[in-house]
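The chain that follows stands alone, in the form predicted alone, written as structure tokens.
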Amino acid sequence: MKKRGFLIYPSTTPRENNAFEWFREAAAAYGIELEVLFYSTPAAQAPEGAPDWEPDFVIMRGYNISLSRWYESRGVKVINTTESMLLSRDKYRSAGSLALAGIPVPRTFMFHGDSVPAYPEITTSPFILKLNYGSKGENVFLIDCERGYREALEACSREKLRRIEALDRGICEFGETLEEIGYGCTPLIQEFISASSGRDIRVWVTGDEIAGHILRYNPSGFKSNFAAGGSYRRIPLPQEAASAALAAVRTSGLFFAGVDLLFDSSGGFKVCEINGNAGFRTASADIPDALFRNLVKIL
């Protein structure tokens, strides 16, 4: 029998996003009917406009935990699972999980409670300061002086207020409760890998397959994210990088993910972040094809 599923985005997603058609075309190639839906609240119920049939699967393109758990409670396969999405969004917890599995990661420390350590007490300068929940290279700072440290903390405080205001308007993109937003806006201190300044490798994984990869680079800044002004190009993927990406995704329990790999001074790689909601328009339409090629195997 033909499989049917939902592709679910936040209502804030631009409607001109060409990935919609990439997903639909890839699904159709494997005999799957796919409906694109949008949610605006964290309510545990089908998004507005959903067909009245029960899907065989849903693909979550946002962090709506209530909705994800609701579908799982109904026996619907959710890609990615709620727990794996929670882990991947939590940079501090995911770094610890990867380290315990023996996967190289930058040293990462989290502020606890309301205590803010004085600049000289933190670590060797320079270092990275960023929010525990974040994406697209936003609110990520390279700190090399006390003034920069204070300015970064102030920026993190402003972002927390912005997310609280968004929650008041019913936008749950950054968390569904004040407590969750507070935890997500807790600053992290992360080791700066100077050998990888302005460049990294983004690897997309689906199932046990490398679906695509690119080198991201920025000659004028330390952040390589495309959304932060970086560029990209195709390169051969080193075997060590492929192995690190696959191991990170397996450890995190994800099915469809992006892995950001930093170049280490030793010639190897460290996993900077894993992303259960990774964008891929800088890669190609081959990635949705790989997703559905692997998805049909487990439906």
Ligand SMILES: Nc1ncnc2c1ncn2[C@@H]1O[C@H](COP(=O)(O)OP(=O)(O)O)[C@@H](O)[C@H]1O
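Residues carry their position along the shown sequence, with the first being 1. Since we're looking at a predicted model, the values are computed, not measured.
If you look for the form predicted together with this ligand, you will not find it shown, but the lines that follow are about it.
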Inset, instruction - Please check if Pro126 has a heavy atom lying within 4.5 Å of any heavy atom of this ligand in the predicted bound form. - result: no
Inset, instruction - Could you confirm whether Phe222 comes within 4.5 Å of this ligand in the predicted bound form, counting heavy atoms only? - result: yes
Legend entry - Phe192 within 4.5 Å of this ligand in the predicted bound form, heavy atoms: yes
Inset, instruction - Find out whether any non-hydrogen atom of Thr81 is located within 4.5 angstroms of this ligand in the predicted bound form, and reply yes or no. - result: no
Legend entry - Site check Gly134, Glu138 and Glu273: each within 4.5 Å of this ligand in the predicted bound form by heavy atom: yes
Legend entry - this ligand in the predicted bound form: contacting segment from 146-154, 184-192, 71-79, 95-103, heavy atom within 4.5 Å: 184-192
Inset, instruction - Could you work out which of Ala26, Leu262, Ala241, Leu254 is the residue within 4.5 angstroms of this ligand in the predicted bound form, going by heavy atoms? - result: Leu262
Legend entry - Those residues of 198-216 which, in the predicted bound form, come within 4.5 Å of this ligand by heavy atom: Asp200, Arg216
